[in-house]
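Just the one chain here, the form predicted alone, laid out as structure tokens.
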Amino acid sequence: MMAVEFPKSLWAATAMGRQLSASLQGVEETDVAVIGAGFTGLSAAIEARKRGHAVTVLEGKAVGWGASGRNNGQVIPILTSAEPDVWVSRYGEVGKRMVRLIGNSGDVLFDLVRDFDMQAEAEQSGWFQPAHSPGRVKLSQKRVDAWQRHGFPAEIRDAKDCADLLGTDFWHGGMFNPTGGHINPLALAREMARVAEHLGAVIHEESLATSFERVGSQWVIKTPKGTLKARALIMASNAYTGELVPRLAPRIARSVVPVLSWQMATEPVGDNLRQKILPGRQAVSDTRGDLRFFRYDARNRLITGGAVIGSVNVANRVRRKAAENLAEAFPELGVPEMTHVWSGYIGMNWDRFPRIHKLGPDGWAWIGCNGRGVALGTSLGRELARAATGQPEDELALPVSEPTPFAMHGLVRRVAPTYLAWLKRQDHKEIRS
């Protein structure tokens, strides 16, 4: 069987290998069918098996081939701009349950890693959001207050604490959450697949779901060489929902804009600098719209990334920009050389709220990670599995809505990268109150 080609990422170079499972051939039946073998789908498979239900996962390429194996690996237990009080005002009691799911998502992921001894370079060292201007510290304080009101361990750090934590006075304070951290994302996906299979789940790779429909009391999912029939269905393809089979779920696919997220890795940082720069090994992503983010991997490489406007020579331009950003914040580092540069899609929507959809009886999907899919996808996978295996909806954190496709989605997708220019202008505006 030919190997599926992965992007030449640091994760592809360092994660343990995985032999492709057999593709779906002929007709099979299961209790729960899952489309997509990323964090959501594999988390759902693990939970469904723990609850005693047969589960089959269909993956169009290979485990972790999509966003789950290409991201920065930061485990962030809050969302980008979907604040907890807004969840409650928008959705009421189910919004409160969603806040609890988000706030606990870091612990859910790391507990899963510990429970099954997953070899995923996991470090629950915390996540820090430094403020890039004094006014943004006020925003950080508001976010800390909001999460604390809901019982979560967010903390405010002043300028001195921030400098001690980061090893630079480039930022002004910020929000710290001790339940976050980082992982090797492709290693985690492959380990989740190992655990799911050990528990009895069936995974079919190179088994592209080309259609699904409800026929009587079953879901019928077609692939190029087979058919899977199931009582329940979970679609866990997120930003890649329209990428491999555009007609699979077009209204859901067009409700987000897939945006390329660029990641890269430096050479390993020497011990002297490692002890000064980010000595606590936290995951860091700041308050800019034109985001600056970084963390160490297990080999003491700084894993960072960025975005640029335009489509010409993007990889080299974003490589140079990210390196110069690190050098600006940490002059002792110099302008580092990037040894690996790769990209993958994240699903963005207009208000940055993830969406949960019902496909029909016992059919579920979610979309719109907005750059927070590692922790969120893992927790939502568990929640969707609980729904698919009979837990009452009024006990679950599943605020259901109808898909709202972007008008002129193709045009929106083409112009979306220019949104970065607006974000950069906003970054220069100080917050006064």
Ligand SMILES: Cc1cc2nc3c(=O)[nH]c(=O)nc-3n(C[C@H](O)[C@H](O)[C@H](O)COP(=O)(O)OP(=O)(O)OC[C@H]3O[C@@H](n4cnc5c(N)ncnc54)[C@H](O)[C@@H]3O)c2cc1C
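Since the structure is predicted, the reported quantities are computational estimates derived from the model, not experimental observations. Numbering starts at 1 and follows the sequence shown.
Here the subject shifts to the form predicted in complex with the ligand, a form of this protein not shown in this document.
Peer 1: With the ligand left out of view, which of Ala298, Ala159, Leu244, Ile309 would have a heavy atom within 4.5 Å of it in the predicted complex?
Peer 2: The residue from Ala298, Ala159, Leu244, Ile309 that makes the contact is Leu244.
Peer 1: Tell me, out of Gln218, Ser133, Asn349, Ser261, which residue has a non-hydrogen atom within 4.5 angstroms of the ligand in the predicted complex.
Peer 2: When the ligand is considered in the predicted complex, the option within 4.5 Å is Ser261.
Peer 1: Taking Pro84, Ala154 and Gly180 as the candidate spot, are all three within 4.5 angstroms of the ligand in the predicted complex by heavy atoms?
Peer 2: No, none of Pro84, Ala154 and Gly180 comes within 4.5 Å of the ligand in the predicted complex.
Peer 1: Arg49 near the ligand in the predicted complex, any heavy atom under 4.5 Å?
Peer 2: Contact with the ligand, no.
Peer 1: Would Trp364 sit within 4.5 Å of the ligand in the predicted complex, counting heavy atoms only?
Peer 2: Contact check for Trp364: no, nothing within 4.5 Å of the ligand in the predicted complex.
Peer 1: If you check in the predicted complex, is Gly371 within 4.5 Å of the ligand, heavy atoms only?
Peer 2: Within the cut-off, so yes.
Peer 1: Though only this chain appears here, would Ile234 touch the ligand in the predicted complex if you measure heavy atom gaps against 4.5 Å?
Peer 2: Flag for Ile234 set to no.
Peer 1: Of 24-32, 389-397, 403-411, 57-65, which is the one stretch near the ligand in the predicted complex, taking non-hydrogen atoms within 4.5 angstroms as near?
Peer 2: In the other structure, the partner sits against 57-65.
Peer 1: Only counting heavy atoms and a 4.5 Å limit, does any residue of 196-224 reach the ligand in the predicted complex, and if so which ones?
Peer 2: Contacting residues: Ser207, Leu208, Ala209.
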